[in-house]
Ligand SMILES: Cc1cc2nc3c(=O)[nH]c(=O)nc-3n(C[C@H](O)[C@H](O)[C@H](O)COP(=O)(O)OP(=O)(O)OC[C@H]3O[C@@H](n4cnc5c(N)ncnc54)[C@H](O)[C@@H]3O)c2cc1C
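This document starts with one chain, in the form predicted on its own, laid out as structure tokens.
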Amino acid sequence: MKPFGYGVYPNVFTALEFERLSNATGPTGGKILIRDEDGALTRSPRSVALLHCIGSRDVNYHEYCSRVCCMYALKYTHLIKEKVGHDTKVYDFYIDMRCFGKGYEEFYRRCQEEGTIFIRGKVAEITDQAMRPEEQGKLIAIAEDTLLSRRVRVPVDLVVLSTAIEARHDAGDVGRLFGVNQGADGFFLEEHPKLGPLNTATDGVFLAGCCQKPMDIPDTVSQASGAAGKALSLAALGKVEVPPTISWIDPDICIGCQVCIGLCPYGAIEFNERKGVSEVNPAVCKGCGSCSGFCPSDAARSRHFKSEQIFAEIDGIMDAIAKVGR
């Protein structure tokens, strides 16, 4: 996202970089410093702009909310005031302040009382092109204040970008390996958002943390505890119940074309090199029927769904319709 000047202006940082900078184990020992003309971290900023929703809630990038940005941006405003000085000007550009957790709204009020300047509106551009004397040698955040309905130019020494939380680039490979589906946003899908928030389509595989959606630390810890409990409950049983309506492959008919292996979304089919036929792992199969529908030799079938049984069901449906006269 080039308008924000990351990689162009040395004092435009991502939130993760600023987190490292302000940490006691960071390169400056916890002191918040900005770069000089030589790129060295030498002096403290006198003004800072924090930009929310960089890549989040944006139809051109990610439409979802990254959830944690509002609160860590508030944390940064507090840290800057505490470490640099309460006379430091801190500007917080936001769309909506989403302080959803326990004690979060109170912390938001505390940051307001500390003197943070909150501007409701997205920054359109970060530039170093000065138009007024006070903008010389500064980074200028150009934005619209939607509460005042006017365009603003805010000169600052440091810009921090609250970037979107994205799914890993290799999430698709991991999903295929474990038989877990992805949503449109790239994160893994749960079995049910309310009844099975930790479960996946594959039994014994559970979700925890940001692989499912953007999540903060308390929610991640609680979800991980639940996922560990579910895994332990399965391990403690000592046995696995396999549903009866799963697929099977008739070894006398299978021609070994291996088409079904590529079709299986759960990775439940393997090729037996010694026998020259494909075989279904009953502990992994979910009985979706993808293999039986595409098998060219009709070797892959679904148990308890023989032709006689299917036609019997159809006959029963037709008889029921005939009785009601439709």
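Counting begins at 1, following the sequence as shown. All values derive from a computational prediction rather than experimental measurement.
Below, we turn to the form predicted in complex with the ligand, even though it does not appear here.
Proximity of I310 to the ligand in the predicted bound form: non-hydrogen atoms within 4.5 Å are absent; the residue sits far from the partner. Not displayed here, the ligand is approached by D170 to within 4.5 Å at the level of heavy atoms in the predicted bound form. Using a 4.5 Å cutoff between non-hydrogen atoms, I217 counts as a contact of the ligand in the predicted bound form.
Looking at A15, you'd find a heavy atom of it within 4.5 angstroms of the ligand in the predicted bound form.
None of C210, L139, A143, V84 but one reaches within 4.5 angstroms of the ligand in the predicted bound form through a heavy atom, and that residue is C210. Residue-level contacts in the predicted bound form: of V174, L234, L148, C99, one residue has a heavy atom within 4.5 Å of the ligand, and it is V174. Contact with the ligand in the predicted bound form, judged as any non-hydrogen atom within 4.5 angstroms, is confined among 129-137, 75-83, 196-204, 151-159 to 75-83.
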